[in-house]
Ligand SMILES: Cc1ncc(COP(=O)(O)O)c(C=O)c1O
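Single chain ahead, by itself, as structure tokens, in the form predicted alone.
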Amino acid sequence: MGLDRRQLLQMSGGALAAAAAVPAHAQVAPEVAAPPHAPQPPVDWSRVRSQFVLAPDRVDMSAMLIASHPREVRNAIERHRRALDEQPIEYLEQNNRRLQNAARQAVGRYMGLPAGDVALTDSTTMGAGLVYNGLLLRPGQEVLTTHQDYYVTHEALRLAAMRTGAKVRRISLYDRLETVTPDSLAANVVGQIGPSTRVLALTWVLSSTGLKVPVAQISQRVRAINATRPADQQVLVCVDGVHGFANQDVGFQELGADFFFAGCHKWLFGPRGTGVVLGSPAGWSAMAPTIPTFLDSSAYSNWISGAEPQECTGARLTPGGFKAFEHIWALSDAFVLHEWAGRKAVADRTAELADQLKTGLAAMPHVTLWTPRSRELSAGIVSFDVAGMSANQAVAKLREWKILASVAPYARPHVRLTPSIRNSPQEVDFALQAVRAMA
């Protein structure tokens, strides 16, 4: 039986109006956001949905683009904004470094690495620019990436090559997407590494097809290659991780990367205009900052004394300057919701909704599903085509149903629906009904 929007809201919308809040930490900004105790499974996902003020007459499946702030984040931004308006100089002086470090600690706790190895940025794009243009590359060294990577990776690498004299080489991740396996992807990528390869630039989850690249498996094979090389010739694995960050139950050490960068205003539902770079000891030793920082006090004292700058760290890579401080300071509050639910539960819920969507789409003769069905090879992005329609036409038709999808901005565009923990199975069914009606 088909669902109309009124029925949909009756089925899942009780949660939309529910006021059951995630337990809050103290109103005074803490050094580190203190997460409430995670609930015993199963998680009440209606409580998660109740934290958002998304328009109740729409089904928003565009989590991969830009977040709606959950309650904890909205409240923190407003608290900091009000204090800045009332006492701008005093509040800034008393809180800026402390709250940025609290955010770094929250990121480190969630991803399983020291806070000192976390840099704060504005976005995935800024992270890519800081990493690829900060790497100490030499003429003759090579950066290896893929044809399937996004514009941001390709452009950041082009600019880095112009500046350093290093070369960029692109390879194809696969011949046929429908036949890929984690082993074949890892073998193909690692098999292309040559003697001059210094950097391997990858994307964890491709925003075009939703393919999840087996980064951990690739990193493990790269470590075997690095064991035979001197330190300054070892391959550094750099990962655009934005579409796995906060929807996969994987930490930084498990990925095995040397650099990981992501925006926080997508799957994490963090403050808009925030992002992170995570680095390994090998990565930091091969990196130089691009933008002066104020987060590391020694950088300023080095300037005063004329001392040589120290090695790059997360603090040193964090750009300084005046910015939207209330958003940066609220980053630690984004983890409250995720830690309340639990990282594994969030990953499982995201996968369940994506599985439901992929299963329904795969059964439609007029739909071509591009995202692999396997959870090993996919995350939350679901990409597909509708016969007889361009991607833009299909997205526009979904908008008529008040379903928010997006178009993959690549040479070969696809329709993307990206269910997240703020969605329900009923909303997925409603989206499937709309796609079914396009036959």
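Just count from 1 along the sequence shown to find any residue number. As the structure is a prediction and not an experimental result, all values here were calculated from the model.
There is also a form predicted in complex with the ligand; it is not shown, and the following applies to it.
Since the chain is shown here on its own, which stretch among 355 to 363, 85 to 93, 259 to 267, 223 to 231 would lie within 4.5 Å of the ligand in the model of the complex, judged by heavy atoms?
Flagged stretch: 259 to 267.
Could you check which residue among 152, 328, 180, 312 gets a heavy atom within 4.5 Å of the ligand in the model of the complex?
Selected residue: 152.
Which of these residues, 100, 197, 125, 219, gets a heavy atom within 4.5 Å of the ligand in the model of the complex?
Only one listed residue qualifies here, and that residue is 125.
Would you confirm whether the three residues 371, 379 and 418 all fall within 4.5 Å of the ligand in the model of the complex, going by non-hydrogen atoms?
No residue of the spot touches the ligand in the model of the complex.
Counting only non-hydrogen atoms and a 4.5 angstroms cut-off, does residue 398 reach the ligand in the model of the complex?
Taking the distances in the model of the complex, the answer for residue 398 is no, it never comes within 4.5 Å of the ligand.
With a 4.5 Å heavy atom cut-off, would you call residue 104 a contact of the ligand in the model of the complex?
No, residue 104 is distant from the partner.
So in the model of the complex, is the ligand close enough to residue 243 to count as touching (4.5 Å, heavy atoms)?
Yes - in the model of the complex, heavy atoms of residue 243 and the ligand come within 4.5 Å of each other.
Going by a heavy atom distance of 4.5 Å, is residue 203 a contact of the ligand in the model of the complex?
Yes, residue 203 sits close enough to the ligand in the model of the complex that at least one of its heavy atoms falls within 4.5 Å.
Taking the ligand in the model of the complex, which residues along 204 to 225 bring a heavy atom to within 4.5 Å of it?
Residue within 4.5 Å: 207, and no other.
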